[in-house]
Structure formats: C-alpha cells, structure tokens
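One chain is shown next in structure tokens, namely the form predicted on its own.
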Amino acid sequence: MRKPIIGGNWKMNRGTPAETKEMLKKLLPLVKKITNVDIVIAPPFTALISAIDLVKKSNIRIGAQNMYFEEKGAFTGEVSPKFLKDIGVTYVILGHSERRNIFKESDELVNQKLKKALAMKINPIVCIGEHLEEREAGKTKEIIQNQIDKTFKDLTKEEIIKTVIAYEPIWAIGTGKTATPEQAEEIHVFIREILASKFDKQTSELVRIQYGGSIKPTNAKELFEKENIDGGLVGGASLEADSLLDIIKAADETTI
C-alpha cells in the first residue's frame, strides 16, 4: 500500500516566525500519534528555519515552495537547493500552477529543477494540471500527457518512484471548486497508466499521486477513499491547525 502524503502549501498567506510558531505548536501535539501519513508543511522561505527548528524529532517534515536548479551562481532572487538542504529542508514543491502561470515556468525548467532535487536527495512534489478551458474543450488528457512527457523526461524508475506527483486541476485551485472524486480518480488512473507505459506497471503502482485543488475537511475523506489518490496538496485549509488535522485524519483513515 502506498503511504498517503499530505502537504500543506502556505504560499504567501502565512509565514512570519511568530505565525509559524503559533500554527506548528498547535499542530504538533495533534498529529504526534499519526504514523500512517507523511505530513509536510511548506511555509515561505523566510519561515523555513523557524519551522525546521520547531518540528525536530517530530513526524512533520518541512518543504520549500520552490528552488532553482543550480547550486550557486549569479541568479539574483533564486534559492539554491544546496542552501535548502543545509538547513534541513526535505521536500520541495515544483511546477505549481502559480509558478507556471504567473512566473511562466516551462515543463523543461521544472524538469531541470526535478532532476536537481533528486540529485540533492530532496523529495520532489511535482504539480501538473489543466486549465478550465482545456477541460471544457476535452483536452485534459492531452495536456496531462504532454506535461508528463516533458516534466519527467529522462527519469529512471528509481527516480520516478521517489517523486510525488500532485494532480492539481488549475480551475479548482483557490476557486472553491473541486473536482468530484470520480473526476479526480479518472485522471489519477490516467497518470498511472502513462507511468506504466513509460516505465512498467509495477513502477507505476509505487508512485504516490496526490490530489490538489480546494481540498477541505468536508471533501477530503471522499477523495482519499479513491484507490489511486494518495493524499493531497492542501492550500488554504493548511493555514489552520484544526482544518489541516481533519484532512490528515481523513488520509489516516484510508490506511486502516
């Protein structure tokens, strides 16, 4: 059985040292007995050290929201994976739709970042997903196929197994809309079929595929009960300990 993974992506909505301390101090005792779910919190860069110090010796891991593919150089404003590794970051979110759409990151750039994260032994969470107009035009699978072809180009079996894929339909991020469990499961199955064709079926069954897109305590359990949905990448609902706990519990219940 694939172990569910819940990632909390704070984006730029929370992240002062005081806010980070307040939230994590509340969350830590609530999740300390949960062993069947990997829990990752991704605060802004300015809160990473505070977060890492707070979760030491706990079952919570800290991820970065982005990184560059070079370790050093004249890249003003970027963050080196070496710097992240040095302070104790163990996960990194790559290719989020906001990075792709607002900052124009290409599949090829995400591929470079992914390979570097793997080389640095930082666990990558790689986002893919379609726009509303693409879904309405019946192009969802075409878009997903193209993203996978380019984003995961030249990965080995061992590398793809270490990669968490987050299917995030862009039309359901921050909009309050959510893909139905059936819609989400359909694309998760399709992603696994693509992986099976690129690698083999056994490898595809080992890759964890999260759902992301307005996950809330009210819909989490129904999503996570689907066979191919291995947890979620959570945005707004990860900002408060109580709502994130409910989502983590929903994932935990699917492993029983």
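In this text the structure is predicted, and so the values were computed from the model without any measurement. Residue numbers here begin at 1 and follow the sequence given.
The following text describes the form predicted in complex with a small molecule, which does not appear among the structures shown.
Given that the partner is absent here, state which listed stretch (187 to 195, 45 to 53, 28 to 36, 226 to 234) has heavy atoms within 4.5 Å of the small molecule in the predicted complex. Correct option: 226 to 234.
Residue-level contact is defined here as any heavy atom of the residue lying within 4.5 Å of the small molecule in the predicted complex; does residue 165 satisfy this criterion? No - in the predicted complex, heavy atoms of residue 165 and the small molecule never come within 4.5 Å of each other.
Taking any heavy atom pair closer than or equal to 4.5 Å as contact, tell me whether residue 63 reaches the small molecule in the predicted complex. Contact with the small molecule, no.
Would residue 174 sit within 4.5 Å of the small molecule in the predicted complex, counting heavy atoms only? Yes, residue 174 is a contact residue.
Taking heavy atoms and a 4.5 Å cut-off, does residue 11 contact the small molecule in the predicted complex? Looking in the predicted complex, residue contacts with the small molecule include residue 11, since a heavy atom lies within 4.5 Å.
Consider the chain as shown here, without its partner, and state which of 98, 134, 159, 105 has a heavy atom within 4.5 Å of the small molecule in the predicted complex. Contact with the small molecule in the predicted complex is made by 98 alone.
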